[in-house]
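Just the one chain here, laid out as structure tokens, in the form predicted on its own.
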Amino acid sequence: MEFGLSEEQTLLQDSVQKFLSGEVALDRVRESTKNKNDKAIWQGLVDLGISGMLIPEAQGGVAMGTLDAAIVAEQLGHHVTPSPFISTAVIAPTILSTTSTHNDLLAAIALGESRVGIALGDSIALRHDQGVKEDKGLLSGKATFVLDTNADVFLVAAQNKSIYLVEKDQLKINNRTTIDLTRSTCELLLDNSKAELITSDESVYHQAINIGRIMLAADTLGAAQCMIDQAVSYAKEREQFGRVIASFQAVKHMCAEMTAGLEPCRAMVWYTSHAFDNLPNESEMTTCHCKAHISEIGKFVAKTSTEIHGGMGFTDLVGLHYWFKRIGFNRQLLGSPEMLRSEAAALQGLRNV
């Protein structure tokens, strides 16, 4: 069995990496987060064809697979890129492609003319005074941690897992700042808002959640790899007691432990992406374990690489906090490790639902 990236996937990886290295340096990330505007960065990714990766060719996309999207997500995480990739280019097409009535919107997404916000998180685990209810085709309630404040339309999941398309003028948007400044998030307030039912098929809802989790895991993989690279580079330059700290056994062990923990995660993301497209019976459980495990490894890498930098690791000059906080946000979004392992246990019959 041959398990690895194809030549085309390697070329995709290289082209995205080359674009991000040239166009999305840390200063560009700082500027984007300060101005809360990622439109120019997103347009560059649209020009690469990233927005249409999962969209059928009939609607102007390139109909690529989940592994291809995960490759892009890893590079975006590596460069802490501000963009609506997970919401607009991944989760939205996964939902909208299940119907034949939104081909125009899919085409607009592929062209970069429309951005779609995603409000699915509250339906996973409801908190007090949150969640969205449907009554006679109208939606009311509050959706929190919604991806993409700058979206043109929103896909909103009600408490019964049905998914609705809501126009921007039918809701109130409150910007919400999280620890991760590289992603725009908001809160939606709906009060008898007109909404179009996209699907009441719960399997579509779970597909959208699972592919989002895979992308978050891949994003964390890329961010953690970058933090290791920065830690190793810093250790080779920083001198203490007349020697570079990379020569100290304790620092060598820290770098080796980070690498040993993270490297198997790459194969885990690849296999989970493969399972999503080809092994439906394994997909959900594999996704739960993948995101849970990589979230924990990412947390360890973020902590350890910051420690290697010493006091410099906490300064904005180095900027490690962008990767540190992105990993932390990914860890909680669409399910924490504890929640995901509980879901996996239920899927395996190890606990009562």
Partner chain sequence: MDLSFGEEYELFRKDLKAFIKQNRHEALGGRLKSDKTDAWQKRLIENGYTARTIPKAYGGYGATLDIVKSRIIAEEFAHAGVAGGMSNQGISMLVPTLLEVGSEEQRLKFIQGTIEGKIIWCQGYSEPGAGSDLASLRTSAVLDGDEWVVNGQKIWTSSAHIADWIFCLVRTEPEAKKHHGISFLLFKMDTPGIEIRPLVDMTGAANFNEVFFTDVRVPKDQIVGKRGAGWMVANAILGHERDMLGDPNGALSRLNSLITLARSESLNGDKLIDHPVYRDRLMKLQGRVMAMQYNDMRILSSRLNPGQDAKIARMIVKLQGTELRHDIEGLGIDMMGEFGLCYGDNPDLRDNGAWQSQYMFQLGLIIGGGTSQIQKNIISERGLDMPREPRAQQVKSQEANSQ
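Residue numbers count along the first chain shown, from 1. Fair warning: this is a prediction, and the values are worked out from it, not measured in the lab.
As for the form predicted in complex with its partner chain, it is not shown, yet the points below apply to it.
Open item on the list: Between H253, K194, K172, H206, only one gets a heavy atom within 4.5 angstroms of its partner chain in the predicted complex; which residue is that?
Closed with: Going through each option in turn, the one that passes is H253.
Task: Proximity to its partner chain in the predicted complex, single hit among L105, L165, M268, L138 (heavy atom within 4.5 Å) - done: If I apply the 4.5 Å criterion carefully, the residue I get is M268.
Open item on the list: Counting any heavy atom within 4.5 Å as contact, can you tell me which stretch out of 91 to 99, 279 to 287, 210 to 218, 68 to 76 lines its partner chain in the predicted complex?
Closed with: Only one stretch passes the 4.5 Å heavy-atom test: 279 to 287.
Task: Contact at L11, I55 and E134 by its partner chain in the predicted complex, all three, heavy atom at most 4.5 Å - done: Heavy-atom distance to its partner chain in the predicted complex: none of the three under 4.5 Å.
Task: Contact flag, E31 vs its partner chain in the predicted complex, heavy atom cut 4.5 Å - done: No, no contact at 4.5 Å.
TODO: Look up in the predicted complex whether K299 has a non-hydrogen atom within 4.5 angstroms of its partner chain, and give yes or no.
DONE: K299: yes, in contact with its partner chain in the predicted complex.
Open item on the list: If we define contact as a non-hydrogen atom of the residue within 4.5 angstroms of the partner, is V232 a contact of its partner chain in the predicted complex?
Closed with: So V232 counts as contacting its partner chain.
TODO: Classify T199 as contacting or not contacting its partner chain in the predicted complex by the rule of any non-hydrogen atom within 4.5 angstroms, answering yes or no.
DONE: Looking in the predicted complex, residue contacts with its partner chain do not include T199, since no heavy atom lies within 4.5 Å.
TODO: Enumerate the residues of 306 to 333 that have a non-hydrogen atom within 4.5 Å of its partner chain in the predicted complex, in sequence order, or give none.
DONE: In sequence order, T306, E307, G310, G311, M312, G313, F314, T315, D316, L317, H321, F324, K325, G328, F329, R331, Q332, L333 come within 4.5 Å of the partner.
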